[in-house]
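Below, in structure tokens: the form predicted on its own, a single chain.
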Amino acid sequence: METLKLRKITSVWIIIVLTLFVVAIVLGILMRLNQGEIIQQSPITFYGNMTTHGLTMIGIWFVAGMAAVNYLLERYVKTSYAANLFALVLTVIGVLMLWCSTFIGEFHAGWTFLYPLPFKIMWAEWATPLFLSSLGVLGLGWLVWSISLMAQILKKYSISQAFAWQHFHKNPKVETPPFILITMITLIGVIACLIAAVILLILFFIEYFSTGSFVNDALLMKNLTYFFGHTIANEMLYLGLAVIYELFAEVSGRPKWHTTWYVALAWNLSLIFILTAFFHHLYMDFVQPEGLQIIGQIASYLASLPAAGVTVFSILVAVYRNKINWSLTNLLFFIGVAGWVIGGLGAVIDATISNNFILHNTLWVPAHFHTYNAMGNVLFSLAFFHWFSNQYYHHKERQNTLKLSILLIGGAGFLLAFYIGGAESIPRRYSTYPSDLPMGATLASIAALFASLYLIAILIFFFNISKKCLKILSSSPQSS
């Protein structure tokens, strides 16, 4: 059972995530306004904002999923408050270090910081080691937290039970809840990609301090970068899905979901596919062994099928011709699943090799990952935030329809501008578009307008949820 300390630290996570989200959205709007020629930023400012925006977004929605999973995991096992607090402190320190390197040191190698860009010093010299150190601090906190959660699961469930292998047989003696299965599968992927990040940072630092006596292999560095970046971006979605499996039926007034053989099989397969799908980021690296490119193509198709198929099926069965207690929480879950699926389809289209020759490094790429993040994963976490805050301080909110409508209109318009730009071969990562691409500036201006609507909706969520979380933080053991 959750403790007051766990409620309070979860409230802190929620407030921090929503605060950083607002800042990151503002940075994104400024970038689109610059591309739309409505404001003028220097390339250094633009790419510094792009670096900060991308890494902040990935980081905050990963920890949002982790905080939600940590809170709900307390229903099954005793979690470590110390590991949770350790991750929180290091996340705050890491974000401050990151922002110092970009806003003050003007580091602007992009959120992917692809080798050897961090060594092409076009900013303060101290910004490169500070930037890399910030990633190390963040990674350390998250790795310890992830290992701690996995260790607690394995104290109660054997490895085979945590993977739900007993469900491949009829009438298993021990039932593994779907939440435990998905959390375990996700944590393995998270730990694997964070270990890859540690190796990547070590190689960066060895070369940085070797003064030219050691040079890394560029292809190895790119593989490590995308194994880390692509995997953690997808695993944070799976954290959100674990929360859906635990809460959707509960808040809908439906029977709790159980693990079946096909649920167990789907998520075990997802573990394999999601760890190998990142190869689709290296199609243009022709020195990459051809076999890995084929694996990337196959895994990119298959990664979305088991988890998405089973999850969508479960959601549809739960709502089809059934009386549902619809609330803002399960509406956000339901719409978020739709956003995740649409973004996943966009990703599969891009990951097809014949299409990738056309769509590679166009606006189609941010279109698909903004779809399954801004209109998928973000909605999963907002659903949890809303549910969590209402557990202790519930009152009827009158703006639910309004803020949900603004969120959907703003998000859809913002994303559509990306998709149209990608279909028209408008390149990504340009701070300004050349005169022979006038549509790029027009679409960027439209996207900034709709993103501003999205921001308004998030600010309403921020106010309502944070107000309740602050009450939780000020509560005493007697009042709880």
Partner chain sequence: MFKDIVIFSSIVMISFVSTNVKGQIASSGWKEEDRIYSKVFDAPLSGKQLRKGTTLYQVTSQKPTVLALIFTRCTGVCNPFLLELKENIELRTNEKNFNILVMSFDPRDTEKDLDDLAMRFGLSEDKRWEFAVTDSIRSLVQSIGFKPVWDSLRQQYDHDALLIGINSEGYITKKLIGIRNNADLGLLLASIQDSFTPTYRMANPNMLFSCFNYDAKTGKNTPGLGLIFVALPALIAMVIVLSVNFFVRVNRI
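This one's a predicted model, so the numbers in the text were calculated from it and none came from an experiment. Positions refer to the first chain, counted from 1.
The next section is about a form of this same protein that is not shown, the form predicted together with the partner chain.
Colleague: Given that the partner chain is left out here, which of Phe388, Tyr157, Trp142, Phe179 has a heavy atom within 4.5 Å of it in the model of the complex?
Modeller: Looking at the other structure, the residue within range turns out to be Tyr157.
Colleague: Since exactly one of Ile409, Val92, Ala233, Ile191 fits, which has a heavy atom within 4.5 Å of the partner chain in the model of the complex?
Modeller: Spelling it out, the residue with a heavy atom inside the cut-off is Ile191.
Colleague: Whether Tyr392 contacts the partner chain in the model of the complex should be assessed with a 4.5 Å heavy atom distance threshold; does it?
Modeller: Answer no; every heavy atom of Tyr392 is more than 4.5 Å from the partner chain in the model of the complex.
Colleague: Even though the partner isn't displayed, in the model of the complex is Leu201 close enough to the partner chain, meaning a heavy atom within 4.5 Å?
Modeller: Leu201 lies outside the contact set for the partner chain.
Colleague: Heavy atoms within 4.5 Å of the partner chain in the model of the complex: does Phe380 have any?
Modeller: Judged by the heavy-atom cut-off of 4.5 Å, Phe380 is well away from the partner chain in the model of the complex.
Colleague: Looking in the model of the complex, any heavy atom of Ala82 within 4.5 Å of the partner chain?
Modeller: Ala82: no contact with the partner chain in the model of the complex.
Colleague: For the chain shown here without its partner, which stretch in 372-380, 171-179, 214-222, 233-241 has non-hydrogen atoms within 4.5 angstroms of the partner chain in the model of the complex?
Modeller: Among the candidates, contact is made by 214-222.
Colleague: Is it true that Phe21, Met57 and Leu98 each have at least one non-hydrogen atom within 4.5 Å of the partner chain in the model of the complex?
Modeller: Looking in the model of the complex, the three residues Phe21, Met57 and Leu98 all stay beyond 4.5 Å of the partner chain (heavy atoms).
Colleague: Could you list which residues of 277-301 come within 4.5 Å of the partner chain in the model of the complex, counting heavy atoms only?
Modeller: Contacting residues: Phe278, Phe279, Phe286, Val287, Gln288, Pro289, Glu290, Gly291, Leu292, Ile295.
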